[in-house]
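What follows is a single chain, given as structure tokens, in the form predicted alone.
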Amino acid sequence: MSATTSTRPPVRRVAPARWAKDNLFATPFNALLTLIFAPLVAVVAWWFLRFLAVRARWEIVETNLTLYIVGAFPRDQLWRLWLSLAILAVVFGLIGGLVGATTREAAIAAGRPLTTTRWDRVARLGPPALLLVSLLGFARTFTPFVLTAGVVALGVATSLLARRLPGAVRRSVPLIAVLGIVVALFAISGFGGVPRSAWGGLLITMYYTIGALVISYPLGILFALGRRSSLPMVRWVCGAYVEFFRGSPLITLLFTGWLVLPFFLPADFSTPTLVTRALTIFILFTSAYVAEIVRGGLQAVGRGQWEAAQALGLSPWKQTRLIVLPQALRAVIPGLVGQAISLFKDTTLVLIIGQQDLLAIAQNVTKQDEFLGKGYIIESLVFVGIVYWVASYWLSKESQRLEVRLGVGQR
């Protein structure tokens, strides 16, 4: 064992009885609240689980599973989606491996524990794995099992490989990731593929979410830096942009992009598709909130960090890129992840401009002849709600895990 790893502090494992005493019965008031709400939570959980396992009629999901996931996407072109998923598995495997290796090295250098308990792994991966197994259980053929297993294995193998990449290669991973996402999109629409106007369901929801996050986060960081610029014009323009989009309801901006924007374009200018306009609105709206979150992180960095960077003779660009910005982003991880979760749920608003996203599909499938007027809307909305909750929960748990590894909130 190396000298570096030998100094690693052990992980404290708290017994269930000790945890309950510290968190549920620490004081008489806490004990009273526990005794009052524990039965209520148990009853609600029992009712919900009984509904899922016994009372719910999942025929509507089983019959329309493909519709929930891809909408009106041509069924003979589904191989494009599987190819795109394989590319994205490599992309996110690279990102996950890079982040894991970086945070591991930072934790070892700071003497923080790295070992996770079995319960931690179950809490992180249990709900997504259970949802994936449930979706495969609704499938009527064996092909999705094989393809899903291949995509998951590819992502895991890429993540393990990325953890062993040398430092010089790691620095190029963000560029490779962006190129990979572009290639994944081109695999769906390129070479006579399926236009985005034919996308729907969970596919278009994830497209809006990932596309807006990839573009709006760097854009928001630039606006946050612009608001702290020493140039008055840059500071005023960035401030006006942020305040305008933060003060405008997202639903109003979507209506503007849908109905008003074409009237402001020249007559000979080709009007962007509805999907492009909606994605642009999501990018502009999200980048304003990201800018304000990052600006708060920049203000949290002490003045002494700037002065130390200046004393080292670093240029203003290097001061920001190497010293200040990493500390600011580290401090606002919860806010950034919270904004990502908010964007993921806000994509449901495209329903009002005629987009067939996951929520719109959940409502429309109940109008099919075999399900019309039979109350299947409950099962349909519960299914969609579980999908949204699992994705949001997983992002939240990964954020907490990253905070622990980076020592956020610790000295």
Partner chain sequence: MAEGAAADTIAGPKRPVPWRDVRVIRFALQVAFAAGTFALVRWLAGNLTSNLDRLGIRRDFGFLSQPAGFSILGAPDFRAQDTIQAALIIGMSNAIRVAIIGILLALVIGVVVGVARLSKNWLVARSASAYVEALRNIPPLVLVIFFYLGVLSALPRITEATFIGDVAIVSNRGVWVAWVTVAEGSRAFLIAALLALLAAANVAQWRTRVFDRTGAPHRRLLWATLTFAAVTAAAWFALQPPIEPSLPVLDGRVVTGGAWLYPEYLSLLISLVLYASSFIAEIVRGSILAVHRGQAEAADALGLSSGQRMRYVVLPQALRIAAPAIGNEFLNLAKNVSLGIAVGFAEILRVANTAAGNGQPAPQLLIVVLLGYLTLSLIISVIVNIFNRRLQLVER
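Computed from a prediction, not measured in an experiment: that's the story for all the values here. Note that the rigid core is defined as the largest set of C-alphas that superpose within 1.5 Å between two forms. Residue numbers count along the first chain shown, from 1.
Keep in mind that the form predicted together with the partner chain is not shown, yet the notes after this line are about it.
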I need to confirm a contact call. Of Ala311, Leu175, Leu265, Ala300, which residue comes within 4.5 Å of the partner chain in the predicted bound form, counting heavy atoms only?
Leu265
Using a 4.5 Å cut on heavy atoms, which of Phe142, Trp79, Phe244, Trp119 is close to the partner chain in the predicted bound form?
Phe244
Of 144 to 152, 224 to 232, 97 to 105, 319 to 327, which is the one stretch near the partner chain in the predicted bound form, taking non-hydrogen atoms within 4.5 angstroms as near?
224 to 232
Is Leu253 close enough to touch the partner chain in the predicted bound form, meaning at least one heavy atom pair within 4.5 Å?
yes
Quick one: does Pro249 come within 4.5 Å of the partner chain in the predicted bound form, counting heavy atoms only?
yes
Does Val133 reach the partner chain in the predicted bound form if we count a contact as any heavy atom within 4.5 Å?
no
Determine whether any heavy atom of Ala45 comes within 4.5 Å of a heavy atom of the partner chain in the predicted bound form, and answer yes or no.
no
Report whether all of Leu24, Asn30 and Leu381 sit within 4.5 Å of the partner chain in the predicted bound form, measuring from non-hydrogen atoms.
yes
Which residues in 370 to 389 have a heavy atom within 4.5 Å of the partner chain in the predicted bound form?
Ile377, Ile378, Leu381, Val382, Gly385, Tyr388, Trp389
Align both forms on the core first, then report whether Lys397 has a C-alpha shift of 2 Å or more between this form and the one not shown.
no
Is the shift of Thr148 between this form and the one not shown large enough to count as movement, that is, does its C-alpha move by 2 Å or more after the core is superposed?
no
Does the C-alpha of Gly190 move 2 Å or more between this form and the one not shown once the rigid core is lined up?
no
